[in-house]
Ligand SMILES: Cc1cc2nc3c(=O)[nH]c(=O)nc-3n(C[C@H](O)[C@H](O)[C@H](O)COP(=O)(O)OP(=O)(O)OC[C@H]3O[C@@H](n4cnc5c(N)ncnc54)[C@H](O)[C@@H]3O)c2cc1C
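The chain below stands alone, shown as C-alpha cells; this is the form predicted on its own.
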Amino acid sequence: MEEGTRNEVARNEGRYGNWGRFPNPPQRAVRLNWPDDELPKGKILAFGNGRSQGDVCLNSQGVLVDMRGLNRLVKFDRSKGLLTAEAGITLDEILRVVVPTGWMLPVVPGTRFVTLGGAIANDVHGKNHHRAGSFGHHVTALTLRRSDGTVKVCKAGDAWFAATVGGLGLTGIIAQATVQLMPVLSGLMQRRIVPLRGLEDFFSTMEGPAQGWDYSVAWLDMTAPEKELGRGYLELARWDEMGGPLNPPPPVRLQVPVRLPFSAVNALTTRVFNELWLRRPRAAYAQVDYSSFFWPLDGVGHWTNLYGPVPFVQCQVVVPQAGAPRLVAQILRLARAGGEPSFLNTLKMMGGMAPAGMLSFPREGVALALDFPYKGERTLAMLRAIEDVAMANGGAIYPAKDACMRPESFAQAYPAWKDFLKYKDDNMTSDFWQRVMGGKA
C-alpha cells in the first residue's frame, strides 16, 4: 500500500497485527488519508498503530480502517493547553509539538507510540491513575463518524461520549478529538527508588511514603524465591518545578531490526535480566528525563523481535484494594506455576475516580500486568486461572491486553455492556467483541 493513495485495500503483511502476534489471523485493511475518505462497506474497525495485545484491534471477519494517514494537528491553543488533532496521530507526535511549549499530556500509557484514537477507544491509563484518572478524563470533545454516514460531535458528560471513551472502537470511527493538556515547567522529574523485599513493602510504602508522589509503578522479579514473592523496586516520581529544558521525546536509537530465529526470552535469560535489572546502580533520589521514566522500553525499537518466532501474551488484571495483598500474591503464584517466564511485571495502585466510559477498564484497586511467551494451551490455562481469581473477587481483565477472556467474565466485569449496545455501530466489530459476545455481535 503506497503512501498518498486513497482507500487502497491490502492484505496483512505484518502491519496489521497486534503487538504480541497472538492471535494473528490474516487482516484486510483500507487506509484513510483524508477526513472525507469514504468508509468501506461491511464489518469494519478502526486500526491505529497496532500496540494493543490480544484481539481488540483485529477484525478477521471484516476490514480494518487504517487511521495513520489521519495524523494532523487541527488546532493548538497554547494559552489554554487545548489541543485538537486527528485520531491517527500518535502520542509521540503530539508530544513533539506540545512539550517544547510547556505542555504535557496529563495521562500517558507505557508506550508513546499509540494513536490518539486508540488511547481514547481503550481509555488507557498511566502511572498516575490514583491522581489523574485515565486518558478519557482529559478528553473534552471528540468527533465520531458512523458507518451510516452521520457525524456526531460528542462532549464530555454526554452518553455518546461515555460510550465511545473505552468503547473499543465499536461506536464508530473517532475522527478527531480535543484534549486538555497539563502545564509543566521542565522536562525533568524528581524520582525516588524504593527497594522492595516483597509484596508487603509495596503496600506499606503506597500507604505511607508514596503519598506525596504523583506517579508510581513497581517492577517485580518473578524469578524471586517464594519467601521474597514480589521482590523488586518501586519507582516514584513527580515533576521538577525548578524549571529546565523542555525537550521533545528522544528518537529511538537502538533497534532489534529483525525477528530472531529463536526466542531470547526463556527462564535463564529472564533470571539473568532480572538480576542485572535489580542490581543496576540507582540513586535513591535522582533527577531524570521524563521520557526515561514514562517509556523505558520505547528506547529500543521493535524489542518484541527478541521473542523470535514465539508470540507473547500479556495479562493486566485489577483487583479490589481490600484483600489486594492476598490476591496479588495468589496471581503471582499462578503465573510462576504456569512454567513460563514472565519478562516484564508491573504493579500499580489505581485511584477511585469514576470510570470515564461505560466499558472503561481503569477502576479503583491494584493493577498487575504480566507477560509471557505463548506456548499454547498451557499458557491459556494459566491465564484462565488468573481470570478465575479476578472474577471470584470482583476484579477485571483489561480488554486491550487480553487474548482469552470468557464471555461471562466480560459481562461480570463490565456490567454496562447492555446499555452500551444502544450506542454501538451495527457495522463495527472486532475479534475481541465477537469472542466476548459469543459470536453474536
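Sequential numbering from 1, following the sequence displayed. On a predicted model such as this, the values are computed, not experimentally measured, just so you know.
Missing here is the form predicted together with this ligand; even so, the following discussion is about that form.
S.K.: So which stretch, 102-110, 220-228, 185-193, 318-326, is the one near this ligand in the model of the complex (non-hydrogen atoms, 4.5 Å)?
M.R.: Heavy-atom contact with the partner occurs in 102-110.
S.K.: Find out whether any non-hydrogen atom of S342 is located within 4.5 angstroms of this ligand in the model of the complex, and reply yes or no.
M.R.: Output for S342 is no: heavy atoms all beyond 4.5 Å of this ligand.
S.K.: Whether A119 contacts this ligand in the model of the complex should be assessed with a 4.5 Å heavy atom distance threshold; does it?
M.R.: Flag for A119 set to yes.
S.K.: Is G48 a contact residue for this ligand in the model of the complex, using a 4.5 Å heavy atom cut-off?
M.R.: The answer is yes: G48 has a heavy atom within 4.5 Å of this ligand.
S.K.: Using the partner position in the model of the complex, report whether K401 sits within 4.5 Å of this ligand, counting heavy atoms only.
M.R.: Because a heavy atom of K401 falls inside 4.5 Å of this ligand in the model of the complex, the answer is yes.
S.K.: Among A162, V313, A87, L368, which has any heavy atom within 4.5 Å of this ligand in the model of the complex?
M.R.: Residue within 4.5 Å of the partner: A87.
S.K.: Counting only heavy atoms, which residues in 148-185 are within 4.5 Å of this ligand in the model of the complex?
M.R.: If the 4.5 Å heavy-atom criterion is applied to this ligand in the model of the complex, 148-185 yields L168, G169, G172, I173, I174.
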